[in-house]
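Next up is one chain by itself, shown in structure tokens, the form predicted alone.
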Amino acid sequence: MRALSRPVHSPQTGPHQRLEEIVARHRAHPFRKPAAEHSRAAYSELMAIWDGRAPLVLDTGCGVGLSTLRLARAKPDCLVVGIDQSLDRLQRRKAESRPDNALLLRADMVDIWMLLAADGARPAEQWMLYPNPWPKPQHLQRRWHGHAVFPVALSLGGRLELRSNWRIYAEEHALALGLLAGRRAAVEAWQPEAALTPFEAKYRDSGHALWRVAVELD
């Protein structure tokens, strides 16, 4: 039986009061961090496989890669790339049959966004499935929408979908989309028939409220 998961607990009762200030600062001062060597190697592997014609789907922070495999099976005409920092997590499903259009890479997602932007590459879809909520208020800038790279990720365009079991994370994400991309995005209650990730299944089975924000950036 799957162990139950505790809901997210945070002193925050709503979107962070400094979100707009931080997002504005990141918009005004572009992110410049150089990519790590292992990320560059992963990016070279991606670009050696991707012909630029098949729609590119990014599964950010894919963990063990189950969501990558499921998205690849559902989107056979796309190249679906799962990216995670942990080689250990990526290797847990190594023995599992992998669709030809699925690729799992160990890299820093921040670096991959920067490298794609530098090359003018345009993913068709980006998925942010249950990222670490970093619920302490002082950790706002560790959340994707509070990170300095977020304007770069949005500049790549395509369809972006976030899913989270913390409504405040989804609300902040939607607010940042409005501030940076001028897109009004709704925070929707979400109940999947078939879970995309192990976390989605665990949170659903634990009775958590699930939320999603989906937007076309182009």
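All values reported here derive from a predicted model rather than from experimental measurement. In case it trips you up, residue 1 is the first one in the sequence shown, and so on.
Heads up, the form predicted together with a small molecule isn't pictured, but that's what we're talking about next.
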query	finding
A170: touches the small molecule in the predicted complex, heavy atom cutoff 4.5 angstroms	no
4.5 Å heavy atom contact, V81 and the small molecule in the predicted complex	no
The small molecule contact in the predicted complex: A107, any heavy atom under 4.5 Å	yes
4.5 Å heavy atom contact, Q138 and the small molecule in the predicted complex	no
Region of this chain that lies against the small molecule in the predicted complex, out of 54-62, 154-162, 185-193, 172-180 [heavy atom, 4.5 Å]	54-62
Listed residue (R89, R122, K75, R98) with a non-hydrogen atom within 4.5 angstroms of the small molecule in the predicted complex	R89
Contact residue in the predicted complex, chosen from M114, L71, L103, L129 - any heavy atom within 4.5 Å of the small molecule	L129
